[in-house]
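The chain that follows stands alone, in the form predicted alone, written as structure tokens.
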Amino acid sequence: MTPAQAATRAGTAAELAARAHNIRRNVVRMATGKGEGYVGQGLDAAEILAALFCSELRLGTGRDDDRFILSPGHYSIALWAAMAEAVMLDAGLLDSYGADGSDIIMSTHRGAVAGVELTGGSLAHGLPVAAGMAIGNALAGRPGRIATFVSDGELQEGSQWEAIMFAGHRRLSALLMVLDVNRTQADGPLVIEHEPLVEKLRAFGWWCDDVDGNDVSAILAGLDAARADERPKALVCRTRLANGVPLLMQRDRAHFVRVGDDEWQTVADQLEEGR
């Protein structure tokens, strides 16, 4: 990398770090006053989605554009915040998050919002769907990539490993899986150990590496390294649930976090203090 390229990349990383902070602000904005929600996931995925939506992916409606699949639908609070930051969604709609009649809901619904291609809820469907879309693109000669965001808890579903095996066998080079590894499930730590993830995915014929998922520079470097490989790609992003807000990070059960009316100002303050 030349000095000029390094300077450009550093500038991009700084810009995306600022965008990730805006995503977190929007997550807190959407959740404030609602008492509970998947705030932890929205805070932990901010850097990943900033890198994907504001830098890496070419998302739109064209035949050759990239496409994005959110597998764990309960991460929708992060998706709405990222789409607003990328000007794919009217930011004014975020205030209706979770309200009756709103399309900005707690779990994604296909067709409700432009760009959402999978109905969330049941886990582990995103990667099989993305693999099918990738082979469809290959058969049709379309160059666009298929990116899917997957949570590590979903790896306990057999459908994930069937899709991983299929994609490796067919060498679906247009398929990118970004895996959020925060090692939590609904009631605490993972039930079944899934490490060593990188070695397992490589054994199935994937390009794979792992990075700090709360470090934009590391994510960008991982995406850069993946891009030229002819195999399906998996970037294992190791994150911290509720990252940036110590009050929530210290909760024993931050998967579906409950926040008291008197705590939201502390959440907002801690978010800004940790910037």
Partner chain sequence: MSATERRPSTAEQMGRMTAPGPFAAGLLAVAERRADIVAVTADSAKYTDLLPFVERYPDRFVDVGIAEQNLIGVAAGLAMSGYTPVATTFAVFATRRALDFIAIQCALTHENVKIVAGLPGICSTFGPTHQGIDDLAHMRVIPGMTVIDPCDPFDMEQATIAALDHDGPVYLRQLLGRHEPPVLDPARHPFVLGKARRLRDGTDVGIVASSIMVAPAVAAAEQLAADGVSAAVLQVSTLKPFDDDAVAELAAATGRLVTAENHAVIGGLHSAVAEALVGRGVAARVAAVGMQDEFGVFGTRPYVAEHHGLTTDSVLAACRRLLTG
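Residue numbers count along the first chain shown, from 1. Not measured: the values here are computed from a predicted model.
A second form of this protein, the form predicted in complex with the partner chain, is not displayed here; the remarks below concern that form.
Residue 166 belongs to the set of residues with a heavy atom inside 4.5 Å of the partner chain in the model of the complex.
Interface membership of residue 129, defined by any non-hydrogen atom within 4.5 Å of the partner chain in the model of the complex, is confirmed. Interface membership of residue 99, defined by any non-hydrogen atom within 4.5 Å of the partner chain in the model of the complex, is ruled out. In the model of the complex, no heavy atom of residue 238 sits within 4.5 Å of the partner chain. Between the partner chain and the residues 113, 105, 86, 135, the one pair within 4.5 Å by heavy atoms in the model of the complex involves 135. Contact with the partner chain in the model of the complex, judged by any heavy atom within 4.5 Å, is made by just one of 197, 155, 118, 174: 118. Stretch-level contact analysis of 197 to 205, 139 to 147, 174 to 182, 86 to 94 against the partner chain in the model of the complex, using heavy atoms and a 4.5 Å limit, identifies 139 to 147.
Although the partner chain is omitted here, in the model of the complex none of 29, 74 and 250 has a heavy atom within 4.5 Å of it.
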